[in-house]
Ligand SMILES: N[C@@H](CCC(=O)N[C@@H](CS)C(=O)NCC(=O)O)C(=O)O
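Given next, in structure tokens, is a single chain: the form predicted alone.
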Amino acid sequence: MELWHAWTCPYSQRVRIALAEKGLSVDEHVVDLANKPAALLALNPAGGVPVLVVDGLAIPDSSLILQFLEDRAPEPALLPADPLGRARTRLLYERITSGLGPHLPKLLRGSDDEKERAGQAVVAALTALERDAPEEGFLAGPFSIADIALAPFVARLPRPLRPASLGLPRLARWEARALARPSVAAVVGLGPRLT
């Protein structure tokens, strides 16, 4: 397997966390997103990362890659065994992706107004997630793709937008547990935080 990724891309970080959790190794191709190589564009004409290549098949989306990895190496599981738990975990994954994903680039590179609106959207998304977060443990019970979805986003947020600073105690406890997990710490510790 080959993984085309960028170090600080949260979607690439999701895949690298899952690979670490499952103990899978890949040949890595680190991409400079400002200067995408022709080989990446041949695999994914949209030029996005991550892209996992397995036996000549290019899988160009983190959610599809995570599903493939779960099918290929079911243990340790990153989805619950029961169908309802799997559905709940996938819904959390999508909710996190749609609630936070569009706003991180604006926090990083937006105008002052865009940064302000993005910050408000992040606060709203985290506040809504706090209501559903468990008192203890991870988002969907055992460590799962829901935690893998949220960890890279939270790790890059500026301190005022982190759960503890926002007075979100459940997510603050989750953050401490998730970011201390070896697979997460090894991956998200490499990138800079947004300022």
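Numbers for residues come from their place in the sequence shown, where the first is 1. From a predicted model like this one, the values you see are computed outputs, not experimental measurements.
The following text describes the form predicted in complex with the named molecule, which does not appear among the structures shown.
P152, heavy atom within 4.5 angstroms of the named molecule in the model of the complex
Result no; P152 lies far from the named molecule in the model of the complex.
Is D61 close to the named molecule in the model of the complex, meaning a heavy atom pair under 4.5 Å apart or at it?
Contact with the named molecule, yes.
Just checking whether K36 would be counted as a contact of the named molecule in the model of the complex - the rule being heavy atoms within 4.5 angstroms.
Contact check for K36: yes, within 4.5 Å of the named molecule in the model of the complex.
Though only this chain appears here, would G48 touch the named molecule in the model of the complex if you measure heavy atom gaps against 4.5 Å?
Flag for G48 set to yes.
Could you check which residue among A178, L19, L171, C9 gets a heavy atom within 4.5 Å of the named molecule in the model of the complex?
Residue within 4.5 Å of the partner: C9.
Would you point out which of 135-143, 160-168, 49-57, 122-130 contains residues with a non-hydrogen atom within 4.5 Å of the named molecule in the model of the complex?
Heavy-atom contact with the partner occurs in 49-57.
Counting only non-hydrogen atoms and a 4.5 Å cut-off, give the residues of 104-129 close to the named molecule in the model of the complex.
Stretch hits: zero.
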